[in-house]
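Below you will find one chain, with nothing else, as structure tokens; this is the form predicted alone, and questions on how it binds or moves follow later.
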């Protein structure tokens, strides 16, 4: 199975109720070895950063086996709106 930005986006949307997902392939030549992801989900409300990241890592457990680098930013909808306003 090849990991694609669309696959990552679809899984995060379906499994953790993400309302916004940005996925960037940051690997040289876009070879799907390194990704940078922004995930916005109401399920992150009241959860510390580590727990949010664990939710994402659990959701993408199979895909992470094939990825060499994975950078993630996890926000609640309220945090996302504040960030967009800046």
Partner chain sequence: MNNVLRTTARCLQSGAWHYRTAQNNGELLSVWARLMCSSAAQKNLEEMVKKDKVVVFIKGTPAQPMCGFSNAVVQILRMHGVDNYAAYNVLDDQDIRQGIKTFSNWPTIPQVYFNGEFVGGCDILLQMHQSGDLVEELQKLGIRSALLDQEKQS
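Residue numbers count along the first chain shown, from 1. A quick note: this is a predicted structure, and the numbers were derived from the prediction, not measured.
The following text describes the form predicted in complex with its partner chain, which does not appear among the structures shown.
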**Report entry** Close approach of residue 54 to its partner chain in the model of the complex, 4.5 Å, heavy atom
**Finding:** yes
Query raised in the report: Can you check whether residue 13 is within 4.5 Å of its partner chain in the model of the complex, heavy atom basis?
Result: no
Requested in this report: Classify residue 73 as contacting or not contacting its partner chain in the model of the complex by the rule of any non-hydrogen atom within 4.5 angstroms, answering yes or no.
Outcome: yes
Query raised in the report: Should residue 19 be classed as touching its partner chain in the model of the complex when contacts are defined as heavy atoms within 4.5 Å?
Result: no
